[in-house]
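First comes one chain, alone, set out as structure tokens in the form predicted alone.
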Amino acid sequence: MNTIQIIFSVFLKEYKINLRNFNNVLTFLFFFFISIFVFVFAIGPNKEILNHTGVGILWALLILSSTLSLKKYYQDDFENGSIIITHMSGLSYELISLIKVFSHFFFIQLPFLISLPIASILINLEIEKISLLLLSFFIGSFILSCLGSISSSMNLLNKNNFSLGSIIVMIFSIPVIIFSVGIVNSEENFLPLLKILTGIAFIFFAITPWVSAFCIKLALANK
């Protein structure tokens, strides 16, 4: 079995696991929309305030909802030994972490992307800004998946405090929120902000496999 076939089989396994646990994704989406309603009722009927702060609220809630999925990122594969079996089949830990990043992006983040137009209506976001929100989230959510890989692999070294991973995601997601919200709220040229956000995505794409693989190896050595 060549490397491409192994990668495909691992990705197919991730697809089956996420399909079997799709109720978890629905729970994350339910939390996301309930949180939106809470903020809408807390702010009140003032549409100008809601329209001005709505994008920032959406991004904050998207990050909070995304952190709910971090515990299952590597933990199950680590405990049942499947991550070692996958490695023994011929894939490096760096490549395994990349597969995990893309599977998290496709099966966790994309459902949020699909639901964003509905969420945008709830916060009274202008129609012309919805496309910019979708574009910024498409790039920003990939960064969140990379951050999730790093923080979850670090959690393997610290089994008693899973909140550490959430803290890491919160801290490093601040630039993502700043530039993503700036893209949507920019009244003139948003391309410079889009290029910066894309650059951040490439940086995390480059470092995530190495950091995650190092943490996984360290966790397995101390298991």
Partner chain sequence: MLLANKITYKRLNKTIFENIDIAATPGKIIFIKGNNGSGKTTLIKNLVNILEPSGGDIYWLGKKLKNNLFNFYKSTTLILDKPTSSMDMTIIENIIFWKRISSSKINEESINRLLDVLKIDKYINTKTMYLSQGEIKKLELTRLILEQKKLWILDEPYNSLDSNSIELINDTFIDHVSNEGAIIFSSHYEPNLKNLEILSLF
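Positions refer to the first chain, counted from 1. Predicted model, so just to flag it, every value in this text is computed and none were measured.
Only in words, not in the display: the form predicted in complex with the partner chain, which the text now covers.
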Can you work out whether the partner chain is within 4.5 angstroms of a heavy atom in all three of 101, 110 and 198 in the model of the complex? no
Contact with the partner chain in the model of the complex for residue 25, defined as at least one heavy atom pair within 4.5 Å: yes or no? no
Taking 4.5 angstroms as the cut-off for heavy atoms, does residue 89 touch the partner chain in the model of the complex? yes
Test of understanding: in the model of the complex, would residue 79 fall inside 4.5 Å of the partner chain by heavy atoms? yes
At 4.5 Å between heavy atoms, is residue 12 in contact with the partner chain in the model of the complex? yes
What residues in 6-37 sit within 4.5 Å of the partner chain in the model of the complex, counting heavy atoms only? 6, 9, 10, 12, 13, 16, 17, 20, 21
